[in-house]
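Okay, so here's just one chain, in structure tokens, the form predicted on its own.
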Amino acid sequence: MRAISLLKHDIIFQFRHRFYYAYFFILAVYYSIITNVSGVAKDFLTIFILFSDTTVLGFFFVGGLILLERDQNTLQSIFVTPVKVGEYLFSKTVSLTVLSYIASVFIALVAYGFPDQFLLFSAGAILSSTFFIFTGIAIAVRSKTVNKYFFNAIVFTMIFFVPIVDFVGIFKSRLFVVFPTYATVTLFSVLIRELTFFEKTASLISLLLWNCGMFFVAKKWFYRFEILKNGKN
């Protein structure tokens, strides 16, 4: 029940700080762009928006939220209660993933209507979002300022956005398959082409493994840099 209470608090907090309103405005801009292009241009633009924006939405938001709560001493207040790290991470991840998922589905519906492989598309959108949120948490707890966080975040995204060059045909390499974002692009491609069984399976397994690994890192680092630092054992 504590996790549910935290989740309600986070969603209300995000509404109050106009997270949803701001992003709905951005979606309106995307709507006007996508509905005015067609063919290959629309295919590329849709996948690129899903990959570079809606998927990493929580990545940037979660860092700002954690740093804000740290500056306002909210974290100290939370963790003098019985709240556990896992419950806190659950709340942040679910609340931001909901926003990211809604945005991703909206973009897909605007561009192509209801996807034939909706479950596969949804799995890609959700697992990609949670991976980036876990990563954002891990980076945030090791960043002393917002500027430091965004600098580290930009470096990270530049590295993990490399597979986009394969999608656009600039450069292809089998090494890209180790990137979680390669699996993201592959699963989003169900909107424009039929995936092989191997592509589906390999992409899902890749994202699941990356999620497990990054969740472990995020939880460990949060405990080390936020909980132990504040004296809670």
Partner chain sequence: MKKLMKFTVADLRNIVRDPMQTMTAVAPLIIIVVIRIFLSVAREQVIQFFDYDIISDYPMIISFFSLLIPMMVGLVIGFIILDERDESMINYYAVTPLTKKGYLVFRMTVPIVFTFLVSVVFYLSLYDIYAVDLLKLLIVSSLLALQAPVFSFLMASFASNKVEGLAIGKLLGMMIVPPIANYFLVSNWSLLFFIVPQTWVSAIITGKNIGFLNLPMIVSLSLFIHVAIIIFCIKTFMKKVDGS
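Please read these numbers as outputs of a predicted model, since none were measured by experiment. Residue numbers count along the first chain shown, from 1.
Not pictured, yet referred to below: the form predicted in complex with its partner chain.
Put simply, of Phe161, Phe106, Phe150, Phe90 only one has a heavy atom within 4.5 Å of its partner chain in the predicted bound form, and it is Phe150. Heavy atoms of Phe48 never reach within 4.5 Å of its partner chain in the predicted bound form, leaving it off the interface. The closest heavy atom approach of Phe215 to its partner chain in the predicted bound form falls outside 4.5 Å. At least one heavy atom of Ala22 is located within 4.5 Å of its partner chain in the predicted bound form. Among residues of the shown chain, Phe176 is not one whose heavy atoms approach its partner chain to within 4.5 Å in the predicted bound form. When contacts are defined as a non-hydrogen atom within 4.5 Å, all of Phe13, Ala41 and Gly64 contact its partner chain in the predicted bound form.
Between 135-143, 122-130, 67-75, 108-116, the stretch whose residues reach within 4.5 angstroms of its partner chain in the predicted bound form through a non-hydrogen atom is 67-75.
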